[in-house]
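Below sits a lone chain in structure tokens, taken as the form predicted alone.
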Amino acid sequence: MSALPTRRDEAWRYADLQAVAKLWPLAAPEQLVLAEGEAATRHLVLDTDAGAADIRQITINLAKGAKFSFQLLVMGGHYGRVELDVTLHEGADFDLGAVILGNGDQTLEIITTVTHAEPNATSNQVIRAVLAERSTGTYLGKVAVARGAQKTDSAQSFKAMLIDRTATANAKPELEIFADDVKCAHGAAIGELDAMSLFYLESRGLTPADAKRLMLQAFVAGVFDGAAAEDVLQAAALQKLGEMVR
């Protein structure tokens, strides 16, 4: 049995360790394996009951030329955490579109490790977070490029919007590169809604709450564009945003 994590463990630095302790030890991670040339898509909505905790660990292995698109919405429960450990072989492609929506005292986390094990693989991760009241949202994302994994093309983008200044966003996009012919980019930004844009919408007759909702919808909606479950994901996100902004 592995030891309960502590704050010294980088991947658990911002976690609700009391909630984690109630779920420990964790079940074995779910295993997803795509065969050579296979293409698949999947979505996951983490929306447990208020006061509950949920941790999902998923290991994904993409064989040569495989393509996997994953959409993730984390928004429910007192504590919610999704960990993805992805390995890409030659020419494989991984795409992640994820949204964190938190309010109250929620702590919500997305942790990703994407390993480019062989050449010519591509990965793209787009994560958006909207946080209200005293909630905490965290994205820790590591891209590791193995020695010899030339022509890797990888990107990470994390942006968080704080509705209230009592909310907290944590971000650590990380690159570990052992090849010299790669294209890798990452970025993180945390901010608030633009006051002038809100004023403009209100001057056109929207209430302050409706103006905020409209801007936040635009902030997260593009993450799920074109997904097989686009309607389901966007409807769930809009319902949660409606609860967060009144």
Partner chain sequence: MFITAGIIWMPACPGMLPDMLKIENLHATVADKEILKGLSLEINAGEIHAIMGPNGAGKSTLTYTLGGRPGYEVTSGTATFDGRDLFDMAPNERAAAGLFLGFQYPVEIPGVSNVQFLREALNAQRKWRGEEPLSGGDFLKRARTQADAMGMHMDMMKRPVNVGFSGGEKKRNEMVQMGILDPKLAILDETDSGLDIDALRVVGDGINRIMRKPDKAVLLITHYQRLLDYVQPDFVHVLAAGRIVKSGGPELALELEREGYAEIAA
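Positions refer to the first chain, counted from 1. Note that the structure is predicted; figures quoted are calculated from it, not measured.
There is another form of the same protein, the form predicted together with the partner chain; it is not shown, and what comes next is about it.
Asker: Heavy atom to heavy atom, is residue 197 within 4.5 Å of the partner chain in the predicted bound form?
Answerer: So residue 197 counts as contacting the partner chain.
Asker: Should residue 207 be classed as touching the partner chain in the predicted bound form when contacts are defined as heavy atoms within 4.5 Å?
Answerer: Yes, residue 207 sits close enough to the partner chain in the predicted bound form that at least one of its heavy atoms falls within 4.5 Å.
Asker: In the predicted bound form, does residue 39 have a heavy atom within 4.5 Å of the partner chain?
Answerer: No, no contact at 4.5 Å.
Asker: Spell out, yes or no, whether the shortest heavy atom distance between residue 203 and the partner chain in the predicted bound form is within 4.5 Å.
Answerer: Heavy-atom contact with the partner chain at 4.5 Å: present for residue 203.
Asker: Given a 4.5 Å cut-off on heavy atoms, tell me which of 40-48, 217-225, 177-185, 53-61 is the interface stretch with the partner chain in the predicted bound form.
Answerer: Selected range: 217-225.
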